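Single chain ahead, written as structure tokens, the form predicted alone.
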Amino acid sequence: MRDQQREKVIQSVTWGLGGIFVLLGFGLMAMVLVGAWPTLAEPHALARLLSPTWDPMRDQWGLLPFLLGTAVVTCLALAIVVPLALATGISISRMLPWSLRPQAVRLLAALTAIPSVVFGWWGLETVVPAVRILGGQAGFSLLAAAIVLALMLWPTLGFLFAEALMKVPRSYVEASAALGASDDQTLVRILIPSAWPQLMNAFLVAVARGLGETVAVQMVIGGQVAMPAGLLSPGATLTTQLLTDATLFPPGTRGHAALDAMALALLAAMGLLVRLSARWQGQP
């Protein structure tokens, strides 16, 4: 009888916490939508928001420079980090002795806990000067932000890739070797296809982390609100501009509504990633 009562209490607490989480999520979305509504309800709102000019003094709130900066930094960082993280995951799951694999995974998990400001400081000390030498400009740039972001994502994505590859049943590998397949053939034809849904979910987690990163990127990107002229020029992302202008535009102002529109765009991107993750898992 006590076990049944305990189960009911645990179930009630679980449902209650889950309900609170759902309410907070919908409350956040509703708050952002209400805050952005003055901008969204204007005539030609989409054209105004997608314009290349962000100039509060002239009542122009174009988000295109920040959308472009977000896309460029995230895509370039992923292009850098995915091969490195996949090589890390393969090395841990295939090359290390079984006795060392748990320690390697724990090390990667520990590295994921490094604060983002540390990566940003490292970017200021090393990446920005290197980009300055490379491009002859200030060094604060989209390229510097992408490199710092890639380094931040490396432990997380390497950890997730290693976990995904190690979950493939060992019997698959043994059967492939018994049929005469080489290690490379087993990797390409057995391990990666078998772990593909988990690998894709790990990739989507990295995309979400890249889209949402703020402090480290803000420290090295330069904060330019105009359209970037290239990878070596300064820029801004949705998150960095939100951080920069959060204290400048109080609630109820046109600027705050534009910032809420930025936050709404980020929430929509995260929702799309969650939906894609669910589809990779075979959920409706």
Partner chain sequence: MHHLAFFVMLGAVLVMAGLLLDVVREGLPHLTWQFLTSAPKERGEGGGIGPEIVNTIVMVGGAMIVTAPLGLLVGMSQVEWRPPHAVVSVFDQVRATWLSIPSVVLGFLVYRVAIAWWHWPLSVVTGVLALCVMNWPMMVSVAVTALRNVPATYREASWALGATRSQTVRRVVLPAALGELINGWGWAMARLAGESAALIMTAGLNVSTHWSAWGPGETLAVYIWYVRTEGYGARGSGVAAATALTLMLLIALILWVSGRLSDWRQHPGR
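Residue numbers count along the first chain shown, from 1. Values in this document were obtained by computation on a predicted structure and should not be read as measured data.
Absent from the display: the form predicted in complex with the partner chain. The rest refers to it.
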The partner chain isn't shown here, but in the predicted complex, which of 68 to 76, 81 to 89, 160 to 168, 195 to 203 has heavy atoms within 4.5 Å of it? 81 to 89
Against the partner chain in the predicted complex, would Leu134 count as a contact residue? Criterion: heavy atoms within 4.5 Å. no
Does any part of Gln218 reach within 4.5 Å of the partner chain in the predicted complex? Heavy atoms only, please. yes
Is there a heavy atom of Trp121 lying 4.5 Å or less from a heavy atom of the partner chain in the predicted complex? yes
Might Leu50 be said to contact the partner chain in the predicted complex, defining contact as any heavy atom within 4.5 Å? no
For the stretch 19 to 33, I need every residue with any heavy atom inside 4.5 Å of the partner chain in the predicted complex, listed N to C. Ile20, Phe21, Val22, Leu24, Gly25, Phe26, Leu28, Met29, Met31, Val32
